[in-house]
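Read the single chain below, which is given as structure tokens and is the form predicted on its own.
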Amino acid sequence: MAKALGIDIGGTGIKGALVDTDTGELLSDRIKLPTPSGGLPEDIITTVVELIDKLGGADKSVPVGVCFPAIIKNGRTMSAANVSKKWIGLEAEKLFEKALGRDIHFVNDADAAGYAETRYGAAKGVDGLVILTTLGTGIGSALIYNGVLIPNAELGHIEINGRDAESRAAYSAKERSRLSWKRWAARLQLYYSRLEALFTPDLFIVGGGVSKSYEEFLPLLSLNTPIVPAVHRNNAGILGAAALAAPATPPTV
């Protein structure tokens, strides 16, 4: 049995668990600690160390995957969503590895979720191009082609009518403008139609907390591409980060 620790860093909470990377099952309780106020690098790193200790992380032979809400380029965090802007340009992977005393696999959070759905969820066994989007405060995205993760796709920032798509189509926009499901779905229709025209995907997967209410809005969309809810909502980042850290995982491009 292959196993790894998966850590999912978010703007409000940092979650982790030990994962059986062959099956995608959790081998421990999922532990969640609050993200420190302000989201400063040193505070988040300290919290991750604490979380791994709570997960029995003394065994340095267990791989660790960490997913983070940023573009990740050569171990650097090139953006920052809902955390301190001090992360931008930081050699974050090296800082985590120094604090943890081991190598890690460091990946964008939406990429981790997309990979989890490929290994264990709605995209398992799907050939061609899969686009996962997470509808939350913004829109995260992951591109998977024939099971291979293409990292750092920022499809929430595609411009539609002169504005970032996520400013109109994220779940936060629905809440902010108090939109009905029908009115929000009209915005989603515009967004997914644009993605469809640009990428001609074989499958859309919709993640984020709102995906638990998928029956309220997915049936309102009219697309040529199948669109389905994510299977692993709250655990997707943990599972994907752990799976990418496991030695048997194929490399990303």
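Just count from 1 along the sequence shown to find any residue number. Predicted, not measured: the structure shown is a model, and the values here were computed from it.
We do not show the form predicted together with a small molecule, though everything after this point is about it.
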TL;DR on 130-138, 115-123, 172-180, 90-98: the one with heavy atoms within 4.5 Å of the small molecule in the predicted bound form is 130-138
As a check of understanding, the residue in A70, I52, I44, V64 with any heavy atom within 4.5 Å of the small molecule in the predicted bound form should be identified as A70
In this chain shown alone, the residue from A81, I104, A165, L149 with a heavy atom within 4.5 Å of the small molecule in the predicted bound form is A81
With a 4.5 Å heavy atom cut-off, would you call K85 a contact of the small molecule in the predicted bound form?
no
